[in-house]
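Before any questions on binding or motion, here is one chain by itself as structure tokens, the form predicted alone.
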Amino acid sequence: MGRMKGVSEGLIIGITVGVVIGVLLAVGILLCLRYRRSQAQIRSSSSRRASTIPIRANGVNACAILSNSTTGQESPREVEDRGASLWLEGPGRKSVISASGIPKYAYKELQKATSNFTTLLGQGAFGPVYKADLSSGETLAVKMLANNSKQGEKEFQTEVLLLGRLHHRNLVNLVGYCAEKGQHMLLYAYMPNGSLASHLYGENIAPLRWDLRVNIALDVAKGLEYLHDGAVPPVVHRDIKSPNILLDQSMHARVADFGLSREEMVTRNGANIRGTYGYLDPEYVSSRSFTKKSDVYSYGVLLFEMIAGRNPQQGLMEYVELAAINADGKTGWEEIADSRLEGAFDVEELNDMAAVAYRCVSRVSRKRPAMRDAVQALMRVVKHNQSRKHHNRRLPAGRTDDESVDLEASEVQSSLSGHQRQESYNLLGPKLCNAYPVS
């Protein structure tokens, strides 16, 4: 009897120990699996983040490739080592900003390239902008910080920090900087065709053709889409306006002037309203919270500005609201078309573009589209424009010779390549230089 009792107790103890060991093994296996899964997620997340961070792929020298101009061996500029810093002298303080990988130009080189800073392109709150013809053959725009500009010093830091890591075909590239002899200068790829504003309002400049306006609208949308969705973290520009849209030699648009730009995570609840009257989001004015949708609003104003050829600071949006009473939101916008176009536009395309603009300027920010949606909508307008041109090449039977000649001339004009479009603006070069934006 005692023998059976001993066996039973041993059996119970054995089973208990086995169960405990089994539970411990199960828990250990579960923890191991969870650890491996978390490590895999971290690696995957890091890989995705690394693939989207807009930094130079080829190290410190890669930024030279992003400029429209090339650099010869004659240029004495220096390339900063990784981790180097640019010091700015302020009243009673020093601030340091990272300038890793951004080429540094010598003051004497820029002094010579600008004929002792006499080749003035324009003047703004930041300071003067000069055209620089370097001995290497490259042409740059030199933006100099005015000595008495407190706002300009902050904008100088902002542009170096942001443009040092943001690169896109529809953004104006920061080519380099200079910080010598108490002067601070930013160097950009030179945009020979000036600003969008100069083409919309310049008295001695031929009015922009409709197809160019559509393409410029798409270029700007792509630049903003990159800032909002491609940059890590996202960036809001905060000053989208026609003087800040520059046109290169092929009349492709690039977004410029990032002095007011901020990473979206630090833009909320700002104390002061920053931006340009006429383009400001009403919700931002009331809430002091600037988000991506505030950029979308400014972009919508810009679209209406290109459609109507009217300055937003001179009652453009009031004009739009009056037109909206007669329009159903999608059609009827042709009544506000720029008179300088003289009717040379496609009504359907204009209405489609205006419909996008009207959604962008909604008083309620959540009803505005994201920039990626605006890009898709404008790509359809561009596609329609191209299809229309292709269709017009097919002459109907019975067309007279004179009509054929007229149509051929029209088609040649509307299908100009980037190089040919530049040639059509060469005669305007000197006038455009005076209109170079520096706001």
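Sequential numbering from 1, following the sequence displayed. Predicted, not measured: the structure shown is a model, and the values here were computed from it.
Beyond the structure shown, there is the form predicted in complex with a small molecule, which is absent from this document and is the topic of what follows.
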Checklist entry - Mind checking whether each of Trp210, Leu218 and Val301 has a heavy atom within 4.5 Å of the small molecule in the predicted complex? => result no
Item to check | The single option of Val160, Ile240, Val172, Cys360 touching the small molecule in the predicted complex, heavy atom within 4.5 Å | outcome: Val172
Checklist outcome for this item: As a check of understanding, the residue in Gly176, Gly223, Pro312, Gly127 with any heavy atom within 4.5 Å of the small molecule in the predicted complex should be identified as Gly127
Next on the checklist: Considering non-hydrogen atoms and a 4.5 Å limit, does the small molecule approach Trp333 in the predicted complex?
Outcome noted: no
Checklist entry - Do Leu134 and the small molecule share at least one heavy atom pair within 4.5 Å in the predicted complex? => result no
Next on the checklist: Thr114 versus the small molecule, in the predicted complex: is there a non-hydrogen atom within 4.5 Å?
Outcome noted: no
Next on the checklist: How about Asp295 - does it come within 4.5 Å of the small molecule in the predicted complex, if we only consider non-hydrogen atoms?
Outcome noted: no
Checklist outcome for this item: The stretch from 303 to 311, 243 to 251, 336 to 344, 161 to 169 that lies within 4.5 Å of the small molecule in the predicted complex, judged by heavy atoms, is 243 to 251
